[in-house]
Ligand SMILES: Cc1cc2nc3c(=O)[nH]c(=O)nc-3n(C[C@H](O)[C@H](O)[C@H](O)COP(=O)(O)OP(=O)(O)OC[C@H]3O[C@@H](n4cnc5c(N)ncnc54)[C@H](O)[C@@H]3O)c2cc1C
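Presented as structure tokens, the chain that follows is alone, the form predicted alone.
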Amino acid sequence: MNFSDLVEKLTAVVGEEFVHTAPEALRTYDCDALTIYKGTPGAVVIPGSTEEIRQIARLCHEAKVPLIARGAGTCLSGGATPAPGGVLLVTMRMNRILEIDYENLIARVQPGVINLHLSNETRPHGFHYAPDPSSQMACTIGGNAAENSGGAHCLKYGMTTNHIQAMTVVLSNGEILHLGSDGDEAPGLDLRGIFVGSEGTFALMTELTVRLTPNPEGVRTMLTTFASVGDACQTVSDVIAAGAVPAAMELMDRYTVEAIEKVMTRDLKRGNTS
């Protein structure tokens, strides 16, 4: 099967609107946030379901064409860098929250759901999705799981792998697997834990069951100054050793603090208190 035949078959799967081969369109996807590494894919395919991903994987497997997955492309590790001449599969169409089960503290989502959108949906009910990469306003849960990414709150709540309970994945040959369980433990090997953080090298994630975390009763933010970086680092160790695990602790130099204070002062003058 030559590449033109492959593109024709991919188009039959997802529709002409969701296959891009024009050079100007491909340039949009030639890297993730790690821009020093780039690759121009031969085609970009944007599926809308697990079944479409299954067919795409099978076709690429038969054609022996590399298949790389991409979410929002915000990662800084090169995980979404396309294979030159290969197929780039973008999951942004698969962006639905399929189910929220507050009784069992889980939600079932498609991989293209924006990280922060799930917390925005559940926060009024007293819950949130704890992993919080700095790009959570744009990054997707599928990408977070593929990279095992997380933000400052991972200090208290753990990395993304601690919050993914089950997933549906498609192997390179098109086979569909269901890993993990909606409960706390699944029998047998923890294949779910192996797939989280595998950066798409094992399979394509098409559905995820994630854990919801109760909102804290209160939030307090403190700013402390130190004479040296060493003193600040030692204080972090002392706080943890004392058994007080905060939601987050961040180290900022003087120039960063001054920049933040300028922005906050400007916003207050404009009446923006958010």
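The first residue of the shown sequence is 1; numbering continues from there. All values derive from a computational prediction rather than experimental measurement.
The same protein also has a form predicted together with the named molecule, omitted here; what follows describes it.
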Exactly one stretch in 210-218, 236-244, 63-71, 223-231 has heavy atoms within 4.5 Å of the named molecule in the predicted complex; which is it?
63-71
Using a 4.5 Å heavy atom cut-off, state whether P82 contacts the named molecule in the predicted complex.
no
Any of the heavy atoms of A130 lying within 4.5 Å of the named molecule in the predicted complex?
no
Would L26 show up as a contact with the named molecule in the predicted complex if we use heavy atoms at 4.5 Å?
no
With the partner left out of view, is E175 within 4.5 angstroms of the named molecule in the predicted complex by any non-hydrogen atom?
no
Candidate spot C75, S135 and A146, all three touching the named molecule in the predicted complex (heavy atom, 4.5 Å)
yes
Let me know the one among V87, V109, C139, I164 whose heavy atoms come within 4.5 Å of the named molecule in the predicted complex, would you?
C139
